[in-house]
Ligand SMILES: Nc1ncnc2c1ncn2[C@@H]1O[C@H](COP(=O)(O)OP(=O)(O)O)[C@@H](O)[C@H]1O
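One chain comes next, on its own, written out as structure tokens in the form predicted on its own.
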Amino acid sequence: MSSLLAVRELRKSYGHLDAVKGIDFDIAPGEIYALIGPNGAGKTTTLRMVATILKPTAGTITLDGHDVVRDAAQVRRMISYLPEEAGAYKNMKAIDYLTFVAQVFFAERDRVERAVSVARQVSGLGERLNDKLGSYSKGMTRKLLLARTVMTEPKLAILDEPTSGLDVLNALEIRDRVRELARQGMSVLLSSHNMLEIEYLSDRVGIIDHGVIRDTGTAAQLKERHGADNLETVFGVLAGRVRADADREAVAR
């Protein structure tokens, strides 16, 4: 598998606290890779290091041949990041907000126009783009923020809880848009607590706990490997919260 993103022996410490303890993973072009784990497992810290927001304590992150620390400026042109808690300017019309963001990224008028065109398509908000963001529902806002995240056509989109707090229909729309963008060649590093979302979206899953990746594979491979009917049980087993089938049977005997 050729890698767009390669993470090797990645570590992050805060004083005596080791938040990430030497993890490795790769993401191929057009692949959706989910990094999941309990709260405090190190997943958001990892996402922020890949996004150049945090500097690793040790290890390397390479994106399309560029070191994320040494070549941070070049890397930022190839990535986008949607944090779990993200907002926009409520007094601006949505279309003006998208144009403003595009102008921050691009100096050329044609690139700005293309970015806004991409955002229009991805958001699916139509004429509501002419309304102020203060009038938007949470679902509409999240669709707009996803559009803002991918409007620059990044090689890698980093999405932290992309459908957090959304109803089923809005969540389905966003998931379908993410999958379509991946089919078009964009790679995705995803984190979510919704295991159904992870199974639906992800090509591969890495489960992290206490700063260590416990296992990696497709959802089907992980379920088979750990004798589980669903990804939630795999999650629980690898995080030490649930006994595997063999252990449960031994206890029963």
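All residue numbers refer to positions in the sequence shown, first residue = 1. Being a predicted model, the structure only gives us computed values, none of them experimental.
The discussion below concerns the form predicted in complex with the ligand, not included here.
Original post:
Where does the ligand sit in the predicted complex: which of 219-227, 198-206, 57-65, 40-48, heavy atoms within 4.5 Å?
Top reply: Going through the listed ranges, the match is 40-48.
Subject >> Residue contact check: residue 239 to the ligand in the predicted complex, 4.5 Å heavy atom >> reply: No, residue 239 sits far enough from the ligand in the predicted complex that none of its heavy atoms falls within 4.5 Å.
Original post:
Which residues within 3-24 place at least one heavy atom within 4.5 Å of the ligand in the predicted complex?
Top reply: Contacts from 3-24: 14, 17, 19.
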